[in-house]
Each structure stands twice: as structure tokens, then as C-alpha cells.
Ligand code: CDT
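Here you get one chain, nothing else, as C-alpha cells; it is the form predicted on its own.
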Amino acid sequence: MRVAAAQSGPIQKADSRQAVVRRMIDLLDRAKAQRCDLVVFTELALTTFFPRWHMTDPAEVDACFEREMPSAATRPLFERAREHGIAFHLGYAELTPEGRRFNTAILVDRGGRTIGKYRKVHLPGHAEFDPARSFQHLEKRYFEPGDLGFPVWRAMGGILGMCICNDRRWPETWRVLGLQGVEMVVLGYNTPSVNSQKPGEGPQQRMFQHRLSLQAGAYQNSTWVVAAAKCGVEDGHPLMGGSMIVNPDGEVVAEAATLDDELVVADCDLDATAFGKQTVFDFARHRRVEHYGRITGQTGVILPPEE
């Protein structure tokens, strides 16, 4: 299938949902012109990356979240995708009827029906204002850890999985998806261009880590990966780009060239995942689970005894 990573340029705090959705519809129209089957929008695609802001007013926080999907503001996106017959992935901040808050992504089929939902498991950052940081990263303040695990779905003639941003840095994410035969992992991310706790870690090193995570995940699980960035300068805060599509051999086959709204397109043959799954990464033949108990048996590091 032909897939597009729909990179988003910056969304300022003052930008309306309607203005953002119009930009997304424009990307959908461009994807239709390029005969795309699936468009992957980014993490928190409808708002600025609000976890950088320390908000204490509940109404201000609630304004960043979606109570339903589609909502009045996003319904035109669903309708245009259905008209074009294009499936899509969308990341947003979810406020449930019970008052729970998640960093969420959904998978929508060609008919505009939501067929899959994922909630971000690996939340980075911190929960309270930290004056030592050059900027805040308050995902642990605004979201709960995801409660849906790492499911996959049969869609678009293959097996698709989702993760979000920081999840891509954790090998456990990829392996749980790989153990379900995943053939394509789609994800969005909002990654600051600099580390708020380590000023020397700038865009070059952050991009290296980003590529490393995607390429290793793709290769070690013989899966396609489609990663869409939100990037550019949001209210003075730079986010890195690097939207890309990676093949099951871990090779980057398409990559963004800008820090603005951009489509990154590639033809992805899901059958290309079969060779790796049947040889080097034939899990049934080669995995040795009797030695992996520590992975799920503990969280923090336990050092060996001293001599």
C-alpha cells in the first residue's frame, strides 16, 4: 500500500482546532492526489505540545482535550477522508466520560470508522513544575499511562500496530507488537530539539537517537515503520522533524525535508516483512523465554552483589 507520514509544522497555542483541521485536510487532499491508501498524522495533532506549559486552571487544561472523536471540529477531517477513501491515524489528547486523561491515537478505516485505539504507555517527563529545567515536560501531570497495552489490528490487508512518541525508545514496545506478527507500526511524536535537562544534547544527537530507535525496531521485528513528526517552533519552543518511513530491513526509504506541513510517501509491500520473520527473527524457533523473566519481573535496576 502507499502510505504517507503527514508531518505537521508548528501549532501555536492560539491556533484554533478549525485552523489545524483545515491544514490536515489539505494534507489529505495532497495524499489523494498521490494515490495514498493510509495517512499517518502525528501525536497531539490538534494542539500545540501543551505539556511544555505548567497549567493550574482546570478549564485551561480541559481545553486541550477531546471529549469525543470525531468532534464537531474534527468531523470534516473524517468526512474528507471517507470521500477520498483514505484510512488514517490520528493522535490527540483524550478526556474520557469518567474524567480520565490519555495521550491517545486512533486508526480510522477508509470508510471513516474508528477500528483501533491506543493509549501511550511510556510517559516521559515529570508531574510537577521543575525550575531546574529549561522548559517543562509535564506529560505525567496531564496524562495517565495507557491502559490498553499494545494491540494490533487486521487492516489495509495487513497487521497494523500503533505506539506514540517516547514508546519508540523502548524495545519492549516493538517486541510486544512483533510477537503479534505486526507488519506496520504507525506513530506520531512531538520531540523537542533540545533536552531540557542536558543542554549539550541538541538536534543532531536527538535525530540520531530517533533514527536508531525506529530502525532498530523495524529490523528486529521485521516490520515497516511510519513515523510522523510535529515540528518547527511552537511559541518559541523548537520541535525536531525527521518524519520517515523505514522498511523491514531497517532502512530509511523516505524522509521529510522540511520543518513544516509535508507528506512523506512510500510504497510499502507488507509481504517484504515475511523474510525476516521466517529467518533471523523467527521467534518460534529462536526465542528463549526461560531467560527473559527479568524483563517483566522487575522495573528498576538491581545491581549485582559487591565482591
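Numbering starts at 1 and follows the sequence shown. Predicted, not measured: the structure shown is a model, and the values here were computed from it.
Omitted from view is the form predicted in complex with this ligand, to which the following refers.
Enquirer: Ok, Thr104, Ser222, Thr74, Asn166: which has a heavy atom sitting within 4.5 Å of this ligand in the predicted complex?
Expert: Selected residue: Asn166.
Enquirer: Could you spot which one of Gly116, Gly181, Pro171, Pro192 gets a heavy atom to within 4.5 Å of this ligand in the predicted complex?
Expert: Contact with this ligand in the predicted complex is made by Pro192 alone.
Enquirer: Is His137 part of the interface with this ligand in the predicted complex - any heavy atom within 4.5 Å?
Expert: Contact check for His137: yes, within 4.5 Å of this ligand in the predicted complex.
Enquirer: Give a yes or no for Pro124: in the predicted complex, does one of its heavy atoms lie within 4.5 Å of a heavy atom belonging to this ligand?
Expert: Heavy-atom contact with this ligand at 4.5 Å: present for Pro124.
Enquirer: Phe50 versus this ligand, in the predicted complex: is there a non-hydrogen atom within 4.5 Å?
Expert: Answer no; every heavy atom of Phe50 is more than 4.5 Å from this ligand in the predicted complex.
Enquirer: Does this ligand come within 4.5 Å of any heavy atom of His89 in the predicted complex?
Expert: Looking in the predicted complex, residue contacts with this ligand do not include His89, since no heavy atom lies within 4.5 Å.
Enquirer: Does this ligand come within 4.5 Å of a heavy atom in each of His54, Arg141 and Glu234 in the predicted complex?
Expert: Checking in the predicted complex: none of His54, Arg141 and Glu234 is within 4.5 Å of this ligand.
Enquirer: Partner absent here, but in the predicted complex, which of 158-166, 93-101, 145-153, 80-88 has residues with a heavy atom within 4.5 Å of this ligand?
Expert: Among the listed stretches, the partner-contacting one is 158-166.
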